[in-house]
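Take a look at this single chain in structure tokens; it is the form predicted alone.
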Amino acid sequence: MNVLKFGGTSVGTVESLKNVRSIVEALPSDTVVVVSALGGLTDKLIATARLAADGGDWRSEADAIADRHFVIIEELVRQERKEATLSVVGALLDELRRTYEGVSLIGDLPSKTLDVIVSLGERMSAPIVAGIIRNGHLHNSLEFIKTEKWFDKNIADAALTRQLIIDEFSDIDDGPHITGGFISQDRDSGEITNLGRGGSDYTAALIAAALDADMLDIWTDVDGFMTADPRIIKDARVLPAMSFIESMELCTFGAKVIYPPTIYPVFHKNIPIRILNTFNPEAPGTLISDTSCADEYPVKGVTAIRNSCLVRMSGHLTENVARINTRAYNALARNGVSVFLLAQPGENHEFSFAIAMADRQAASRALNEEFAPELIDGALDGISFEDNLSIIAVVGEGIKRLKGIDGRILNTLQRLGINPLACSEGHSDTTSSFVVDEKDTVESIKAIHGLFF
């Protein structure tokens, strides 16, 4: 069996939904289809919620949201399913209006209310897609995607979710079976939650892993993974194949083809992923599996994480690398801060690493609390932050074994007057990464891509 996921652009218009219908109806009946909200709708739902909280004219925006869904139902939903689909979607639109009304009355937008609002995107798109596809069976992902709290985030309760998915799809020979992605439910409180942006990919991966699927197909609006962002590199090429590790690294360092956590559940089950284009279904796409085509493409791609900052810690304590590393990482992890890059130590023995600028405040608080004694007694001179940076990553399995690769990259950048502020320590065999000023991001990507491609 296959699990398919269609993103917002794939289910965004009448024409794209016709493509979805053709793709799904050509497959065997034991297919599970995960869909996102209509393209751009999640942003629209959020913007309208904020408009309501600010006392603006949310009603006209809600009318536009309703009209968009009704047009698709009228034009595409199968005649025998139209009345039932209109009833389900109409009730959800009424719920949306009532929620906006409540937000408007109190002049506030609590996070729990926003979770309910954004959940309505997938709760409406799933029954519509089920009504479009012949023999489509609708499943409510709130029933089997369960989350728990981790710091201030909702993460999937993997064991519980796995068993509920198995129970939900125990007999799927009469499909295809359609469900919404992204949305979930707290296992303890029953409140509606979500898996974050890109969560529909993750929903599909959880289902594929639980059901031991043969393949996970991610249908999007590009022909596959590319060697760089085509908006920056006009001649970026599609990669026919890559390994799980390579895809994880590219996604972690900013490639937006799929949501990074998507890869983990299927990686552990060795279930291949295909990246395919809904608007060009004949294209072969990119196959992600446990093997790589390193001989043909030693470097798979060049990508970047923007809006990063570099944390620098200096003083005698930094000479004990193992100790400061462990304490810093544990303090950051307890506060939900991820480290993207651990820098090679320089001549001044600084301990440096890169994080997202959005985590700057949390990181500062965590590190100052953890190292308060050392800051007082002088073992640490201080903790500083350098903002508005980008992390440039060059990814390819085994590239660290290529002779002089870091030197070639550094020389290429320095010839352009770009001096990296930090380089990654060589713990990864798959990725070389460099911190540059954000204004140098595009020029750095172009130069490095030109070096290898």
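Nothing here was measured: the structure is a model prediction, and the numbers come from that model. When you see a residue number, it is the position in the sequence shown, counting from 1.
What comes next is about the form predicted in complex with a small molecule, which does not appear here.
Think of it this way: in the predicted complex, the small molecule has a heavy atom of just one of A228, M313, L332, L375 within 4.5 Å, and the residue is A228. In summary, among the residues S432, S444, N19, T9, the only one with a non-hydrogen atom within 4.5 Å of the small molecule in the predicted complex is T9. For the chain shown alone, Y100 is not a contact residue for the small molecule in the predicted complex, no non-hydrogen atom being within 4.5 angstroms. Put simply, K256 is close to the small molecule in the predicted complex: some heavy atom of it is within 4.5 Å. In the predicted complex, at least one heavy atom of T220 sits within 4.5 Å of the small molecule. The closest heavy atom approach of G175 to the small molecule in the predicted complex falls outside 4.5 Å. Only one of 379 to 387, 305 to 313, 229 to 237, 139 to 147 places residue heavy atoms within 4.5 angstroms of the small molecule in the predicted complex, namely 229 to 237.
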